[in-house]
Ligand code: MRU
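Given next, in structure tokens, is a single chain: the form predicted on its own.
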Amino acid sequence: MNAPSDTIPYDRIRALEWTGGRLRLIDQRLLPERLEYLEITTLEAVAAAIRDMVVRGAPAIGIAAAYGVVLGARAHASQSPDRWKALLAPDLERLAAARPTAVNLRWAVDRMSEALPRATEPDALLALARMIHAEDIAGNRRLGAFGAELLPPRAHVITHCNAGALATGGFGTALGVIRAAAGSGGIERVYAGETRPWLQGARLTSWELEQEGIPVMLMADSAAAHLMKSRRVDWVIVGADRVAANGDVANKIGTYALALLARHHGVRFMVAAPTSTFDPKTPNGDAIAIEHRPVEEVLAFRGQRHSAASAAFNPAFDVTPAALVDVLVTERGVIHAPDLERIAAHLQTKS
């Protein structure tokens, strides 16, 4: 396990790190059965790792892409020292296209691209990639503290997919709020939905929380309504892959259903996301491109066919309308009842 924090509770997991001139990734496809790392040395391999979900989660994808730009720059500079910047430009689009919905991917690639004209050598880009990574961890810790302040003592919360250290540079967004609350004794129980078909909740969130000693109970996604009706639930806390200008939120498929259930049962609904996940150029959720993934992810699991069906509907994300979001929490603070004006004002504030 990478780079544990000695001063912050429940902060022992790092999904990616730059070491020895290469990108080191936890292969999240293998968790929880095996904890294995991949050593990535080329931009093309970074794009493949993003596309194949070796690394996943909007902030982590963006950070991985930033390091991928560095790897591409180093490769071109070693072969063509005078033309490496020009040769790198097409590679940036290849990285940005690896997964279309998570806005952090484009955000990170654009940030690296903007620095390219001023870079005198590839290692100037490495300094920026390291900065993006460090900013994400620091921002997640601030975000977590803001969100934890909203939770009652000994809170019972539901979370969906994995918006933790495995999905970010470290600490996490939704799980960052949970980590921060747990550090002050504020978490009694976390209910993690399985998050079919990739089972990020069953495999990744459960693994993270078990590693940290935070009480977690796994549930089938379809059990959420019964849970809210029959047991105490204080908050639903989720992350985001894109937040539109009006506050509509794209997140892992199943998030919209949880928001509807929460509103019906009087459970508050929190979206925890860094400002890098906000996309002011996208006016609303209808304008967000929803990634559809291979049907075999639904029809089979790890190569073993389990369905008689020959077709499957497999959107990776859905959109939760802003009207169903009680609070959006970022590293800059809390947006209550998010809408176009409140989000625009929030993005003008300094962290």
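The model shown is predicted, which means the values in this text are computed figures rather than measured ones. Position 1 is the first residue in the sequence shown; the rest follow in order.
There is another form of the same protein, the form predicted in complex with this ligand; it is not shown, and what comes next is about it.
Visitor: If you check in the predicted complex, is G193 within 4.5 Å of this ligand, heavy atoms only?
Guide: Flag for G193 set to no.
Visitor: Report whether the minimum heavy atom distance between F317 and this ligand in the predicted complex is within 4.5 Å.
Guide: Yes.
Visitor: Give a yes or no for R99: in the predicted complex, does one of its heavy atoms lie within 4.5 Å of a heavy atom belonging to this ligand?
Guide: Judged by the heavy-atom cut-off of 4.5 Å, R99 is in contact with this ligand in the predicted complex.
Visitor: Should R179 be counted as a contact of this ligand in the predicted complex, where contact means heavy atoms within 4.5 Å?
Guide: R179: no contact with this ligand in the predicted complex.
Visitor: Where, among 223-231, 237-245, 206-214, 118-126, do residues come within 4.5 Å of this ligand in the predicted complex by heavy atom distance?
Guide: Heavy-atom contact with the partner occurs in 237-245.
Visitor: Is any part of 156-179 within 4.5 angstroms of this ligand in the predicted complex by a non-hydrogen atom, and which residues would that be?
Guide: C161, N162, A163, A167, T168, T173 sit within 4.5 Å of the partner.
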